[in-house]
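One chain comes next, on its own, written out as structure tokens in the form predicted alone.
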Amino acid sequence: MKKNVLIIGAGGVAQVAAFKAAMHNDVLGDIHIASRTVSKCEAIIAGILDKKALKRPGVLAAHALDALDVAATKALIAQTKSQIVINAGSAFLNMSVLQACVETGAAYIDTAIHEEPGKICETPPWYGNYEWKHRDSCERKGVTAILGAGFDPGVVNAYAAMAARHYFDSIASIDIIDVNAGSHGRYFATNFDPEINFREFTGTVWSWQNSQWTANAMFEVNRTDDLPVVGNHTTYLTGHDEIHSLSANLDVPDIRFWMGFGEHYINVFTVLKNLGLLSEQPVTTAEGVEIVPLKVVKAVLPDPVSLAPDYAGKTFIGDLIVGERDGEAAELLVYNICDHEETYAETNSQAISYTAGVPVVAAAILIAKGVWDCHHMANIEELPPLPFIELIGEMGLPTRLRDAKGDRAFDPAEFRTERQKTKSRA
């Protein structure tokens, strides 16, 4: 069994991860939180102690770290005797943290695909540009590296794998739908790092259609669905991490990601983009100062963590899957509903952070117990989905299903039969 967890990052997702790791420190051991700003780590620890979230007395420590510094990250892994590293920081950190884990033998988990500051919406399959290039070194050294273990990517990948292995005989399409039906009361804000948030939407929208990559512009294609609990919502075709791995690992011709946006968000986004304020490329002011417009926008917007106390409403994230089962056409909606006020009461965080932070700790627990300690690099859909889906339900993210039988809670006993396998790793 692996023990002792190092959480890198001190934003909303890292905060939830730290709370949940503390609640399971009987399995995970010592919990360490590291960030460039150590005071943010200390604030998270103060919140955990205030809510008495530690399951049992144990180590809960804060550390200053520049995670782009591989040597410093390796030293902290060794100092803390951490055997599992949760990279809950910026996606810009992935490759350096992964390298530190490969060189120390610690298991690696992240929540999003790697990004380079000067590039956006890279040519598919995006994972092939970065993480997948290190598959051989992980396998050679027996290092477990689990990619995209948040909710989307992450849980939605497990939903797709569950459907492929245990429900359908063949799948024609997977439509991943993400709707935040909550409100934070601010004029304008993003629910996670503004820099990463905007970068998702300023370039080409890549989707997998007719077994090939298809390019669209942001807000060009939309759909409207009547969704459980949150009701009728319009969502927009958006490029997203999970499409880049699901298209490689599942034999499905159409895989798309849809995200909900209000009219106000679209209007503000459009103005910022048209003014060039969402550019990731540096410009020089009249005073000779070089700045990146997107970083300026990030600096003036509210910190996503600060939104949590005023957030109300619910989120919906799920997979709408169409295929064939027992010789007949079939449709399955697999989804989760999360409540902003409930997640704040438990972890001082809003539901967007909660839906990403809970699964990454569930992945750590499965590694610690040996269930997912695979000793190679894997995306979520390449791992057994049922233990993961069952565990996140126990940890606060219950799954529901809607099909011809009606809407009901997920029961793992219903999905024990193997119908098909995911494709072997490319």
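As the structure is a prediction and not an experimental result, all values here were calculated from the model. Position 1 is the first residue in the sequence shown; the rest follow in order.
Omitted from view is the form predicted together with another copy of the chain, to which the following refers.
**Student:** Heavy atoms within 4.5 Å of another copy of the chain in the model of the complex: which stretch among 265 to 273, 237 to 245, 161 to 169, 128 to 136?
**Tutor:** Of the options given, it is 265 to 273.
**Student:** Just to be sure I understand the contacts: of Ala75, Ala345, Val229, Val283, which is the one whose heavy atoms reach within 4.5 angstroms of another copy of the chain in the model of the complex?
**Tutor:** The residue in contact is Val283.
**Student:** Among Ala215, Ala312, Ile291, Ile196, which has at least one heavy atom within 4.5 Å of another copy of the chain in the model of the complex?
**Tutor:** Selected option: Ile291.
**Student:** Report whether the minimum heavy atom distance between Ala329 and another copy of the chain in the model of the complex is within 4.5 Å.
**Tutor:** Residue-level check for Ala329: no, no contact with another copy of the chain.
**Student:** Answer with yes or no whether Leu301 is in contact with another copy of the chain in the model of the complex, where contact means some heavy atom within 4.5 Å.
**Tutor:** Leu301: contacts another copy of the chain in the model of the complex.
**Student:** Although the partner isn't part of this model, could you tell me whether Val221 comes within 4.5 Å of another copy of the chain in the model of the complex, counting any heavy atom of the residue?
**Tutor:** Contact check for Val221: no, nothing within 4.5 Å of another copy of the chain in the model of the complex.
**Student:** At 4.5 Å between heavy atoms, is Leu93 in contact with another copy of the chain in the model of the complex?
**Tutor:** Contact check for Leu93: no, nothing within 4.5 Å of another copy of the chain in the model of the complex.
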